[in-house]
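The form predicted on its own is given below as one chain in structure tokens.
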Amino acid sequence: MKRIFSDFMRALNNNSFVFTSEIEPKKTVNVEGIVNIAKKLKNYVIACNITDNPRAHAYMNSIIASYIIQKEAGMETICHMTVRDRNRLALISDILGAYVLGIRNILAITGDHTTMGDNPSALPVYDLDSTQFIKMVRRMIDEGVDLAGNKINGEIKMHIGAVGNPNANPLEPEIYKVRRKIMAGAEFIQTQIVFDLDKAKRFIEEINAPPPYVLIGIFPCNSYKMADFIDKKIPGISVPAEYKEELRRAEGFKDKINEVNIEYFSEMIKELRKTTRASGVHIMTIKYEDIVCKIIENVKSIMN
């Protein structure tokens, strides 16, 4: 019998189609912002990812942010942990501490190189890669020992996930890497942003899920400028010209921008739910959390 330690994994195990979103702690000691976002999203998503120094920017610690959000907002979290910033000693310590703080879902992340971030002279660690990190966490959960076989006092009850990229070209090496993570013990996969439904479908088919559970990542853009930036500046991600043009025509009118995103992503989610084995959708935004709630409301209304 599968051991379940979180509401997120319980919903997946019950074959529910789930929604998750994402909160990014910033370079701040003020927590009101992230708590308010979590409260806004709480009734719409099963859990929120809490990023760990995304784009190699030094922000509030993801474990502490996850703890505060769970305590103050009552929102279950999926805590990101990058291997870029920690050796195995620090990773072991952080898993132990995260468990004590009530965190039950971890996402293993490689992390962008430090040269891309706001402290570009920082030295990256990469003592373990993300697959080795997953294997380490599995041993801690299943065997009660760390990577070197040292016994842990007490039981750790957590779920560990990994990241996949449906935009990879060629896709085959990416599928191989994701399968290695699954073999190491990843229980769920959340993907990078994808706008192309066919790419999402092919990724799911190649992974041959479930198990593990696959959540497709989407990114509603709050402006044409945002969509154009993603299309031109983020390697491997192609934003459909039709979607960009609709955003361009709606530019300057928030309600119309909302309508474009609600229609585009609701149709995409509906198709994923009807024609694939996707277990859910991971909705990412930047200063546009309202659209997460609107898209989910619309999807539920048209799917019921």
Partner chain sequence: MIITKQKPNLLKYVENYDRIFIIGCGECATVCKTGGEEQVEALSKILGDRVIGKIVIESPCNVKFLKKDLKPSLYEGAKAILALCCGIGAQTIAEFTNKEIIAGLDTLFMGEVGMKGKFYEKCRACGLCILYETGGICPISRCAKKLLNGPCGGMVDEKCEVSNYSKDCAWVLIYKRLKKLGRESELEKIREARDWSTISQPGEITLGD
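Remember, predicted model here, so these are calculated numbers, not experimental data. Residue numbers count along the first chain shown, from 1.
What comes next is about the form predicted in complex with the partner chain, which is not displayed.
This chain lacks the partner; the member of E205, D118, D112, D196 within 4.5 angstroms of the partner chain in the predicted bound form by a non-hydrogen atom is D112. P170 is the sole member of P170, G74, G149, G154 with a non-hydrogen atom within 4.5 Å of the partner chain in the predicted bound form.
Screening 91 to 99, 154 to 162, 212 to 220, 119 to 127 for residues having heavy atoms within 4.5 Å of the partner chain in the predicted bound form returns a single hit, 119 to 127. In the predicted bound form, K201 stays away from the partner chain, with no heavy atom inside 4.5 Å.
At a distance threshold of 4.5 angstroms between non-hydrogen atoms, K135 is in contact with the partner chain in the predicted bound form. When contacts are judged by a 4.5 Å heavy atom cut-off, M183 counts as touching the partner chain in the predicted bound form. With a 4.5 Å cutoff on heavy atoms, P240 does not count as touching the partner chain in the predicted bound form; it lies far away. Although the partner chain is not shown here, in the predicted bound form the stretch 220 to 250 places heavy atoms of P235, G236 within 4.5 Å of it, in sequence order.
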